[in-house]
Structures are given as C-alpha cells and as structure tokens.
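One chain follows as structure tokens, the form predicted alone.
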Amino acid sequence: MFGFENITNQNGWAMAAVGASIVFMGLVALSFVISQIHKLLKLWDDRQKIIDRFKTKVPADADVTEAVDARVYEERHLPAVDELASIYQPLIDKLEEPFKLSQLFEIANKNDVPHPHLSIQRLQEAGLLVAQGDGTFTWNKQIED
C-alpha cells in the first residue's frame, strides 16, 4: 500500500499538521525572542544600576519623610488667546498656507508648547485658525491685528 491511502490510514495528515504547527510555533517564539533581545542587552548594560537600587536599604529608624523628594506641583494654566497667538504665529509662519492641523501639532510638540491640543482648539474657537473645508486651515491675520 503506497500513496495517499497509506498516509490516510496511518494518520499521516494529522501528524503533518501537528508537525507543521510545532515548527511554526517555534519560529514565532524565536522571532519574539529576537525582537526583544535589545531590551535584554540594555538590562545587561545597566545591571550595576539595578543591583545598586536593590542593595540600597533605608534604615528602620530613619524618618521616611526626609528621604522623599519634596517635588513642588506646578500648576500650568492655558495662556490667553492673545498670548497663544503670539506663541503660534512664528510656528505658523514656518508652514505653507493652507496647512493641516497635524503639521501644526507636530511643530508645537517639537517646540514644547504647553497643551498643544487645547491651544489649537482655543485658537479655532477664537477664529484665528480658519477651516478651509478640505481638511486644511489658514491663519486669520485680521482678527490678530
């Protein structure tokens, strides 16, 4: 008995499917390990910092409140529209009009403008950013003056 009959009688199709699945799962696991190797290498390079972090212990009788950083919470408010216009004007001058909001958002993020989403929204509500209807915007210089 040769051929497909013998393969079917001896469960060859099931064995082939299981074998292929095992090989495939092994390749998936290997590719995952390879994709994460950079994290393991970084941990290996910084191993002394990690070891030092676990070795440092606070004495039981020490006052814990002294060891804690006294970080001051700095409340940041969104500037007024006039101030936002003066901040965004040089950024918009870099763009060709009409421009997309995503371009303005990128430039605002690169220049560390506070709250870019809210700032852009406030400029739109004030009428400084005017929608052109095709997903692009222009700067309304008449309101600014």
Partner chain sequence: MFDLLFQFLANTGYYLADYRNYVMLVVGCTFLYLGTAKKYEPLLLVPIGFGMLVGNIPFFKGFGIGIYESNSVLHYLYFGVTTGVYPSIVFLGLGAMTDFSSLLAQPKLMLLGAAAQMGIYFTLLGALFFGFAPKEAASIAIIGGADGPTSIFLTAKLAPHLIGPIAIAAYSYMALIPVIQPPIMLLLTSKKERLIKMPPARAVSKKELLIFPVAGVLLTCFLAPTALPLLGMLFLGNFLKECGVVNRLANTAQSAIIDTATIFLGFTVGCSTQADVFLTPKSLGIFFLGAVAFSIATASGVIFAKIMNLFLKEKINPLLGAAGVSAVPGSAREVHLMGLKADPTNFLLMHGMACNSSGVIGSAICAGILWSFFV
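Here, rigid core means the biggest group of C-alpha atoms that superpose within 1.5 Å across both forms. Positions refer to the first chain, counted from 1. Everything numeric here is computed off the predicted structure, so don't read it as measured data.
Missing here is the form predicted in complex with its partner chain; even so, the following discussion is about that form.
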* Asked: Are any of the heavy atoms in residue 31 no more than 4.5 Å from a heavy atom of its partner chain in the predicted complex?
  -> yes
* To do: Please check if residue 131 has a heavy atom lying within 4.5 Å of any heavy atom of its partner chain in the predicted complex.
  => no
* Asked: Taking heavy atoms only, is residue 6 within 4.5 angstroms of its partner chain in the predicted complex?
  -> yes
* According to a 4.5 angstroms non-hydrogen atom cut-off, is residue 127 in contact with its partner chain in the predicted complex? -> no
* Structure fact -> Residue within 4.5 Å of its partner chain in the predicted complex by heavy atom, from 118, 43, 37, 80, is 37
* Asked: Counting only heavy atoms, which residues in 7 to 31 are within 4.5 Å of its partner chain in the predicted complex?
  -> 7, 10, 12, 13, 15, 16, 18, 19, 20, 22, 23, 24, 26, 27, 28, 29, 30, 31
* For residue 19, state whether the C-alpha moves by 2 Å or more between the shown form and the other one after rigid core superposition. => yes
* Core-aligned, does residue 9 move its Cα 2 Å or more between the shown form and the other one? -> yes
